[in-house]
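The form predicted on its own is given below as one chain in structure tokens.
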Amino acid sequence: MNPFEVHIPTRIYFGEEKAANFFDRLHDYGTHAFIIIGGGSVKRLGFLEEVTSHLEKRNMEFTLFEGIEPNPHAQTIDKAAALGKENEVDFVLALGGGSVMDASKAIAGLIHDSEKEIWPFVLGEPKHKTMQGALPVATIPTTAATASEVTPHAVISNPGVKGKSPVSYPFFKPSASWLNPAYHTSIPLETTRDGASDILSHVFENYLLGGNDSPPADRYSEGIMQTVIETLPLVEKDPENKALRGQLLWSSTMALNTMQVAGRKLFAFIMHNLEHALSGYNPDLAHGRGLAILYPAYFKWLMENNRAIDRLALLGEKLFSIDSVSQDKAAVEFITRFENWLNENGLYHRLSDVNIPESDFDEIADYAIKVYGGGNPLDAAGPMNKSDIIEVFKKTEEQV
């Protein structure tokens, strides 16, 4: 096994019954909460009222900011941070999906550092890696997808430059997170599917490129993938089942808490790099949907370039019980079986289906190389240059 470091400072409260413990914990972070929400579904469903009631019972103040977009905009984050600073909030409380949680981390950093704009701090911009700290962040995730409830990452979009880029710091990791499956039973089917795709991507990424040095990480990752593959179709049939929703929610958290990579070689999250370039170009593209589109094309590109074939074959064995004397055949069969799963679960599409035509591939590939490669080819267990990225994009058009 390769050397590694794991630090998971987030105190996790799982289950509807853990509400009191979570809200009692918030007193450690201050008495004035800055609640961040998205487009309003948490208000309509009564979640916001429930949260504010818990705060009021504990004599805690709150300021509310509403309107974080899917693929949160830098300009909206800047506006929220200004409001939080004006009201002298003590900590940030994210009530929403991955976009709300990501935005909340960036807001907490801007308020702490008395900065006005987040975009200069993202990867590829002049102030990258210069933030000094953040207010405490607590999260209540309402989707099972990004695992932002335990990660140090925030992914920010800027429609003005058709860009999307991360900002990451250890101090962005939430201090406490309440995982309540009861808040997930009303998630729309399309959002549920996109979230499941995102969960899978977090374990697929390093599993494929990280090598064979950590069997514990392999078995851990396979368990998460198997759970998602088996559970999503069940949730589609019984969306209000809290037990099934809880399985997806906990799988989401487990998929990106660093345990899934421990002991392997570390590589960049290639599919995430490509998808961020795509959804930065088209902010209406949900992150999980973009990843689902890329899966088969990326897997086939790896095979054609003689990379990770043994790992693709291992996925075939572990996830679909594929038994073949040939790694190549097992890998091909895995891709076919996974394509079928995507198709059966409404996740099999082309880039042209989400309003990204082939004429735009060149510009998007340029952005991926510039931001995620620092002007150099991406490292996908070997160089992945601009023409390779365009090739992957073109392969998605074969998916019918």
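Residues carry their position along the shown sequence, with the first being 1. Just so we're clear, the structure is a prediction, and the values are computed from it rather than from any experiment.
There is also a form predicted in complex with 5,6-dihydroxy-NADP (NZQ); it is not shown, and the following applies to it.
- Residue heavy atoms within 4.5 Å of 5,6-dihydroxy-NADP (NZQ) in the predicted complex occur in exactly one stretch of 324-332, 67-75, 296-304, 124-132, and that stretch is 67-75.
- Using a 4.5 angstroms limit between non-hydrogen atoms, Gly39 touches 5,6-dihydroxy-NADP (NZQ) in the predicted complex.
- Proximity of His153 to 5,6-dihydroxy-NADP (NZQ) in the predicted complex: non-hydrogen atoms within 4.5 Å are present.
- Shown alone here, Thr139 lies farther than 4.5 Å from 5,6-dihydroxy-NADP (NZQ) in the predicted complex, counting heavy atoms only.
- At the 4.5 Å threshold, heavy atoms of Tyr281 stay clear of 5,6-dihydroxy-NADP (NZQ) in the predicted complex, well away from it.
- Checked against 5,6-dihydroxy-NADP (NZQ) in the predicted complex, the residues Met271, Leu232, Ala292, Ile187 give one hit for a heavy atom within 4.5 Å, which is Ile187.
- Interface residue among Arg311, His276, Arg264, Lys173, judged by heavy atoms within 4.5 Å of 5,6-dihydroxy-NADP (NZQ) in the predicted complex: His276.
- Site residues Phe47, Tyr183 and Thr191 are all in contact with 5,6-dihydroxy-NADP (NZQ) in the predicted complex, judged by any heavy atom within 4.5 Å.
- Residues of 157-182 placing a heavy atom within 4.5 Å of 5,6-dihydroxy-NADP (NZQ) in the predicted complex: Lys164 alone.
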